[in-house]
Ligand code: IVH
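Take a look at this single chain, the form predicted alone, given in structure tokens.
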């Protein structure tokens, strides 16, 4: 989309605008330049995954543009980057007609199906051999976009294929969808393009981790997450979910009177190239061209083995006749085009029986029902237990004990029950009754008005106590090696451990008498417990298990205070002013530090030698890594990944999570993967071994 010369010029403009922004010297005449450079950096970030400026620099320019447009409304254009995120809620999604019906695809499951389809295609065209274009079959939610005079004017769901829901406001929140594109340069005045909205595996996991921190049920799979997000009425929430869109088909276009469209649109592969050149995330880089069905079949079988290496979910490949004139000659049925077919990969679903439901108590008192299934092998693992989240989920899925159920496991995603099969019931099935009392301590359960989760409110509930101790000792919290969940439960059952401070009062003389504990293992446990007292404050905050406070928020809290108990002095308003702390998180923090039992626990931990003071001083701006960026890949031998990352932050460095020109150092461990290969292509990145990294840390 941008030539090397355009890239240099836009980066030069960016630097000039950043200088003016820092000097508070921007004026209305800079608005259109700000729009242009922001669109350029969105392209670099969301399409190429190769940003040229930091997030903070982008945010600065974005905020400056917002200020100029607020002060001078006449400067606002429909494709300004500030016009993506709408204010307020979408009231409804009116139905709109597609310019061309969105048909389904004919499916194939083996080589014989493809051979038969190729035979029919050759009969229809009269050719001995046809050129085919192959691209991934994205597992997301189908969309249709219309651009007129280079501006996005409408986005819609597939609906029934003839008409769908108008979701233009939500489509504008997807940053890989350009608000404007220069179709006019290709002789196109109006165009309808088709694609798929999806959530990458990384963003899906990240979003589910955020839900887990809030004790909310996870989304079932990336496809459902994408489809559900498109119908959310709050566009700001749509923006937060980081959806992406692949655009892969031109269904219709009109040229201005007296003009002809560019010859590039005469082939499907040319259309993909045009979309890519205009800033769309088309499968231009993923597509393959083959003459003859034999090579297509070989490629399909080869690609199926590599599908898990993609950053997003696919459920097959799509094979299309490449020549648009041939497509028109072949035509379509009322159901599918004759010039395209989907090669579906082997299913990652299985049917089994739901035999029982057990109710487990988490560290925050949340009651989680767990379905016990007849073991079934799916996607490389045997599944016998699946969380069914909460009472509402059980009702929505219409689950009963004894049901036949369809389960699904996509990639590394946690298995989920897709649906029950009521049509197979014989009357012996049993309704699942959600308990009214805690299954462990028998206290009455309660549920807040805005939540779907029932909770045991007895903080002395043995199940909660054990789960809190397990969390406290875990790898990402205080990282007490040699402890582990099994030992926590064993010590608790034996009466050797009753609460978190008790970790630091363990009777090692009695533990040494237990089966499986020899002198070396006892000493290892004692040493690990002592070492944990030196952990930085943010790890302790995370280890305390404050509801809604994950690792990132724990770091924010640690950097905002000098002494942990001082949080009891902060008002709700002061807490909400902290970065990434909203009303719900602030309320949880406020309650924690105004509970006498928790304050008493902190006093005990401090007396036992734990660090309650901020580690801000360790993260000095003038550290020997100040201003340098780091990324780790492969397995480190001398350090844990988390230890190495903490070393970077404590010495003033910054962590990145992908290879780009902003990266200064890639630290390579054993079995390094694609990040190393990508880094080798960027001369400015210095590649370090683990030993060289340690030498750098030590100056």
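Residue numbers count along the first chain shown, from 1. Fair warning: this is a prediction, and the values are worked out from it, not measured in the lab.
FYI, the form predicted together with the ligand isn't displayed, but the following is about it.
- From the list 130-138, 603-611, 426-434, 502-510, the contact stretch for the ligand in the model of the complex under a 4.5 Å heavy atom rule is 130-138.
- Think of it this way: in the model of the complex, the ligand has a heavy atom of just one of 114, 394, 378, 105 within 4.5 Å, and the residue is 105.
- Contact with the ligand in the model of the complex, judged by any heavy atom within 4.5 Å, is made by just one of 147, 204, 491, 339: 339.
- Proximity of residue 244 to the ligand in the model of the complex falls outside the 4.5 Å heavy atom cutoff.
- Within 4.5 Å of some heavy atom of the ligand in the model of the complex lies at least one heavy atom of residue 142.
- For residue 248, a non-hydrogen atom is located within 4.5 Å of the ligand in the model of the complex, even though that partner is not displayed.
- Using a 4.5 Å cutoff between non-hydrogen atoms, residue 158 counts as a contact of the ligand in the model of the complex.
- The partner is not shown here, but in the model of the complex the stretch 173-201 reaches within 4.5 angstroms of the ligand through a heavy atom at 196 alone.
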